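Given as C-alpha cells, the chain that follows is alone and in the form predicted alone.
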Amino acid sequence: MVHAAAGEVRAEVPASCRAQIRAGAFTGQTAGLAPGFVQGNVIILPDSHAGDFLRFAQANPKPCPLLAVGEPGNPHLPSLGADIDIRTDLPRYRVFRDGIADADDPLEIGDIWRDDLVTFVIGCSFSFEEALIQDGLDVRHVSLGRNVPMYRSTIPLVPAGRFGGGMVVSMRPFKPADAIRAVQVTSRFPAVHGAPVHLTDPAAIGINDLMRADFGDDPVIGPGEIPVFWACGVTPQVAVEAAKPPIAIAHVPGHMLITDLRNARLAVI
C-alpha cells in the first residue's frame, strides 16, 4: 500500500491507493494511509430511501457531515476524485438486506449494483487525526497500527422518515491535558465530526464495557488516560438497521474511501 513520507503530501497517493484497492491488493483498514487526504464513510441506498436519509444527515451533522451525494445509478463521484468508482474502491463492503448485514464482507459490489442506488459520502475522523498527530498528540490506534474503537451509544439522533436511533461514537484515550488540546484541535474540523461529543464516564452515554468495542478494535488505554468520544460516521449503519431498506451498502468500519480532497481544505481556521 502506498504511504507518503512523514509530512509529505503527494497528489498521486490517493489514486495509487484506490488502484491497489480496486485490484484487490489491499483489503485492510485505512487509518494512516494517504496522509494529507480526506477519507470518507460511505452509505449507499435505493433512491426510494435517499430523500429520508438526506434529511437525516442534514438534521444530524455531527455524525453525518456530508461530503458528496451521487446521482442515482451513477457510481462515480467526480467532486471527490476523477477516477473514483464506488463499486470497487473500498477495501471491504458491508451489505444490508432489510436492515440485517450479510455474513460476508465483499471486496467489490459490481454484481449487486442497481440503477436506483444513491451514494452518500460522509466525513471521517481520520482527517482530524492528522491534525492531532501534527500537534504532537498520540493517536493510539494509529501509532499501534490498529482500527479505531467505535461504540453504539444512547446519544439520541434527530429522526427523519424511517431513519433514527442512537449515535455511534469513536474513542481515543488521552491524558486530561492532552484531551483539552484534542478538543481545541478537532473543533477546527466540523466537516469531519468536529469537537468531541463526550468525555470520561462511558456509562453516561450507554457504553457499559469500554474495553469491548462494538466496531473496530478494542482500545488500548494507558494509566491516567481518559476516554474522549467523537461522533462517528458509522452512525448511518445503525440507522439502516432501524430503517430496514431492502438493500443498503456501506464500508466495513475503518475501511474507508480515500479521496483526492486535502484535509487542510476542511479546516475552518
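Not measured: the values here are computed from a predicted model. Residue positions are given as counts along the sequence shown, with the first one as 1.
Not on display, but discussed next: the form predicted together with a further copy of the same chain.
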For a further copy of the same chain, considered in the model of the complex: do all three of Ala177, Ser187 and Ala195 come within 4.5 Å of it, counting heavy atoms only?
yes
Listed residue that, although a further copy of the same chain is not shown, lies within 4.5 Å of it in the model of the complex (heavy atoms), from Ile226, Ala242, Val69, Leu210:
Ile226
Can you work out which of Leu199, Ile109, Ala101, Ile133 has a heavy atom no more than 4.5 Å from a further copy of the same chain in the model of the complex?
Leu199
Does any heavy atom of Val95 come within 4.5 Å of a heavy atom of a further copy of the same chain in the model of the complex?
no
Can you check whether Val183 is within 4.5 Å of a further copy of the same chain in the model of the complex, heavy atom basis?
yes
Heavy atoms, 4.5 Å, a further copy of the same chain in the model of the complex: which of 233 to 241, 214 to 222, 51 to 59, 199 to 207 makes the cut? Say which one.
199 to 207
